[in-house]
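In the block that follows, a single chain appears as structure tokens, in the form predicted on its own.
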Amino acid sequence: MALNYETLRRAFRARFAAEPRLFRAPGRVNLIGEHTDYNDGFVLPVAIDREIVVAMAPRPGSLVRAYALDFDEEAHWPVDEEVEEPGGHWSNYLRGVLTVLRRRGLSPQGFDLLLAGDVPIGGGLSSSAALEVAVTVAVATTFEFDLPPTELAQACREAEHLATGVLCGIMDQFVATLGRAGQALFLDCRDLSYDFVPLPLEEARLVIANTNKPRALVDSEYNARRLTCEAGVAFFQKQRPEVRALRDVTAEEVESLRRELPEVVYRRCAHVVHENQRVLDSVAALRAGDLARFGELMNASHESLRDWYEVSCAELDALVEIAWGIEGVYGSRMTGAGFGGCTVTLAQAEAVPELERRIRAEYPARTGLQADVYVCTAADGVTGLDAGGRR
């Protein structure tokens, strides 16, 4: 169910006795290109029609008062207070944003803020990036800071690093900032050049399924994968000093030097190198309207993430395998960091009811869990909302 903007305005007035401005930023699903962003590679995400909404008004002094409607919880702190310890409280994302703005020479004053959202928390749909982007735009607009979109996305990524200790790439914050309705965002994570790719979804649908599996190890395993990729870069730099990231390594090099690489480093590098090519092939397939080819690439991506990068899990595999067995499904794969979270499936519109039915029937039997299913569209990136809820 979509968020009711007027309800959020009323809640803000009741709590803070002021008239707010509203800003919203979307969650995202990555169609293909997983664990390539921090390797200077390519990604193909879409902003989805689930969002984090922030209501905000300035207040005298230097105190920040923030209320999370979904948790019924308030926090307050001086506007210049740093993140004390990564992880933990939701307010760390806001503190991270404010710290990064100060480091850029921008000095916000005190404000009141209310936040709510319908992006599943911990589901791999980037609720944190949506929050960071919405808060940053709210603060920048309120205090008249000039932050171009690309710099805004970079600032939000830095805020995530501070808030969580996870060295994420730029993709999530970038698409939350620059997403466009009806289109995927093809992003080069090295130079941040980007293009939009129309999604030919007149008779097809994007279906996201949330495993609802707690992801206790995702942060440490994510950072471990990054370190292994860096070890691969160091190895290939000895062969070719111009190599700066796995983006610069070819599939032929990975295979020809396989015997000289530790097995785990080879497997991680092989995934990233081939996944980059799958993104390029996917852009070509979508521009040609070839959904069958794009679906094949999605399937190959999941197999690589499962077998080579080893970030899938039994719950993700179960959802993907259910989708693979349904007529009218083009392709399905895990999306996000892994070890839980969500899958994304491209299916013919008439196949969606059967997909939902099979997930409800088979997923609990295989995992003991219930999955949530969302049929999504590609939405716009961050926007302000006027008093009527319009963008």
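Each residue number is its position in the shown sequence, starting from 1. In this text, all values refer to a predicted model and were calculated from it rather than measured experimentally.
The protein also exists as the form predicted together with alpha-D-galactopyranose; that form is not presented, and the subsequent description refers to it.
K.L.:
alpha-D-galactopyranose isn't shown here, but in the predicted complex which of Val233, Ala318, Leu162, Ile170 has a heavy atom within 4.5 Å of it?
P.N.:
Contact residue from the list: Ile170.
K.L.:
Work out which of Trp308, Tyr222, Trp90, Phe186 lies within 4.5 Å of alpha-D-galactopyranose in the predicted complex, going by heavy atoms.
P.N.:
For this set of options, the contacting one is Tyr222.
K.L.:
Considering alpha-D-galactopyranose in the predicted complex, find the one stretch among 339-347, 321-329, 35-43, 64-72 with heavy atoms no farther than 4.5 Å from it.
P.N.:
That would be stretch 35-43.
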